[in-house]
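Presented as structure tokens, the chain that follows is alone, the form predicted alone.
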């Protein structure tokens, strides 16, 4: 393994530790926080420091990731065993290949946080289940469209996309547009459809999402799942615990998987992957982006959301175009509804 590959592997391990820290805290945090140890001072004329600084600007341009001084110093420290000439040669090579080249993908992947779990931000999902989805179902019933479209933007390993699908299916049952059968799950009635799109910049995360199998445990993807929803995740593997067999691996139920699809997408693209969504969730994503990238993402989300549709952002995200949305409040949460016409 050459020094570049070794550095990328170590950086991936550092970010994995960051994800574990987030999982234990139970809340998102900016990248620079507790994981990284202070890096030693480097000489101002250290060519590796200058090279990494330029490389991080490239990463921000490609993926929108906000690169902090602490993170940049950490990366310089990781490249300490790499000769300046080797590092410079590798960076020059990167700048000759397309932004979606596997080497760029590997670098961006190593800097990306994918901490998530099922039914995260429950107050927002409760608002969807009890208020927004019944209104959407009534709207599409009146228009004759009879289809509901949802986008999980920055879906990571798929937990959010599957959570949204489950909530939509359950809402359809309560609205009389679907039936839940004991042995075969929820079946939409004739003419109705639900389409949930999950996108992420990380193809590694998307492969896990498509596999749709998740380990159990205290800090697993199931750690905040309401007990009545566990039926959507049948056990596929068991392990002995205290003399009894307990589920160690669960798989998303087939009726949920059928309505969810995944595809790679960079949120700082010039236009959305598709248009006309009734609900878009982009939560705990923009806290990791540079301000200009976050504004670009919000424009992409706005263009993809139909007038009257609902936008779910993270708790610390503010709207770039507040006049285009009506703020609707649920219990301990806030959801944005796109206006038919901006004020």
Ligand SMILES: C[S@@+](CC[C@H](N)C(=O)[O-])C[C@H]1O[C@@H](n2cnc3c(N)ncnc32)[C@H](O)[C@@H]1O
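Residue numbers count along the first chain shown, from 1. What you are looking at is a predicted structure, and each value in this text was computed from that prediction instead of being measured.
The protein also exists as the form predicted together with the ligand; that form is not presented, and the subsequent description refers to it.
Engineer: Report yes if any heavy atom of residue 156 sits within 4.5 Å of a heavy atom of the ligand in the predicted bound form; otherwise report no.
Structural biologist: Heavy-atom contact with the ligand at 4.5 Å: present for residue 156.
Engineer: Although the partner isn't part of this model, could you tell me whether residue 48 comes within 4.5 Å of the ligand in the predicted bound form, counting any heavy atom of the residue?
Structural biologist: Outside the cut-off, so no.
Engineer: Hey, in the predicted bound form, is residue 267 touching the ligand, heavy atoms inside 4.5 Å?
Structural biologist: Yes, contact at 4.5 Å.
Engineer: Does the 4.5 Å heavy atom contact test between residue 301 and the ligand in the predicted bound form come out positive?
Structural biologist: Because no heavy atom of residue 301 falls inside 4.5 Å of the ligand in the predicted bound form, the answer is no.
Engineer: Using a 4.5 Å heavy atom cut-off, indicate which stretch of 229 to 237, 148 to 156, 78 to 86, 94 to 102 touches the ligand in the predicted bound form.
Structural biologist: In the other structure, the partner sits against 148 to 156.
Engineer: Would you kindly say which of 116, 216, 73, 110 lies with a heavy atom within 4.5 Å of the ligand in the predicted bound form?
Structural biologist: Going through each option in turn, the one that passes is 116.
Engineer: For the stretch 200 to 214, which residues lie within 4.5 Å of the ligand in the predicted bound form by non-hydrogen atom distance?
Structural biologist: Contacting residues: 200, 201, 202.
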